[in-house]
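A single chain, nothing else alongside it, follows as structure tokens in the form predicted on its own.
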Amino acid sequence: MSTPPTAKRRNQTLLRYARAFRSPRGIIGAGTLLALVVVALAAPLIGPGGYDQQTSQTLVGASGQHLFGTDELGRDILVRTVYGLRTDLSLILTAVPVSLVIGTLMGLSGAVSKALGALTQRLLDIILGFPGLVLGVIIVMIIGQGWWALFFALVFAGLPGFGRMARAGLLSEQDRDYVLAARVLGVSTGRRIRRHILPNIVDPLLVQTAIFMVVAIFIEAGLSIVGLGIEPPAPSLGAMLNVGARYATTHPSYVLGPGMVLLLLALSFTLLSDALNEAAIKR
């Protein structure tokens, strides 16, 4: 019995992505990200006292007891870095997928109505006119500082990229013979999108997702560095760099530890985006 075309196409897509994760970049990127996720999940084991446990040992350099040293309140910088990593991952792994879904729906709205499609594109153009950091500052000013402000800042910052990419895919696919044939046969708009348009734009959308995760890391870091990130005493990698910069010359481990973890996180998503892009090109 032959495999149905849709199932065959799905199998080919899965095999292509499997090859991406077996490539050198995919292996290193996925391995690094997995290790960071495991460390973040193990935060309560690494710092059973929590991220705000204070001691009398303030601004102690790196040692066997405190691998990254302690901060100005005697808190272990390694423990706070792990909890900060947890905060960053929670933001990135929730805000970026939400932005992907909403942005894709906005980009595909033109399939329902040309007027609706034009309206959503103008809205995306307005959002695109604001740099990510400026957009984040505006959102923080409206709803206040904290995790949710960063979440909405990342969601809104990602909408133009996902929306315009989905829109380009829609315009490219909607006039092809098989889509026109489906329309003539009375296939519903939703079914045409699911069967004929989405499968052909999923590759660039996934690559864009991995790329925007890198962008999201630095948006969070940038907002935190200017004091508009997570509210103290809760840590994030950017917030730790913000405070640690004051002691960078006298206690370099204060910024080296969080900075190294931030770069590893960005590197993992960069390598994954390269691997996915390579797999999409060899489609």
Partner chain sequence: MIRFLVRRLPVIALVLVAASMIAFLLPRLMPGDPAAAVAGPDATPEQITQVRHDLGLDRPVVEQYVVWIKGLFTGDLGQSLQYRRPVAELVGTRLESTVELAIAALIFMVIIGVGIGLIAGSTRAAWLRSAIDSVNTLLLAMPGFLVGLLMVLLFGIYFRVLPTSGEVPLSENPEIGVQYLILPALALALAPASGIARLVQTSMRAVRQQDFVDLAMAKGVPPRRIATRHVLRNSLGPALVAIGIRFGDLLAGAVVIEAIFARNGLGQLAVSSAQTADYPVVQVLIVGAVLIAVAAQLLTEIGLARLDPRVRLE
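Positions refer to the first chain, counted from 1. Only a predicted model underlies this, so the values are computations on that prediction, with no experimental measurement involved.
One more form of this protein, predicted in complex with the partner chain, exists but is not displayed; see below.
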All three of A221, A245 and L262 touching the partner chain in the model of the complex at 4.5 Å, heavy atom to heavy atom? yes
Between L256, A30, A234, V39, only one gets a heavy atom within 4.5 angstroms of the partner chain in the model of the complex; which residue is that? L256
Checking L89, M165, L198, V137 against the partner chain in the model of the complex, the residue with a non-hydrogen atom inside 4.5 angstroms turns out to be V137
With the partner left out of view, is A239 within 4.5 angstroms of the partner chain in the model of the complex by any non-hydrogen atom? no
Would you classify F152 as touching the partner chain in the model of the complex, given a 4.5 Å non-hydrogen atom cut-off? no
Heavy atom of G190 within 4.5 Å of the partner chain in the model of the complex: no
For V184, is any heavy atom within 4.5 Å of the partner chain in the model of the complex, or not? no
Answer range among 122-130, 69-77, 103-111, 202-210 for contact with the partner chain, defined in the model of the complex as heavy atoms within 4.5 Å: 122-130
Neighbours of the partner chain in the model of the complex among 213-230 [non-hydrogen atom within 4.5 angstroms]: F218, A221, G222, I225, V226, G227, L228
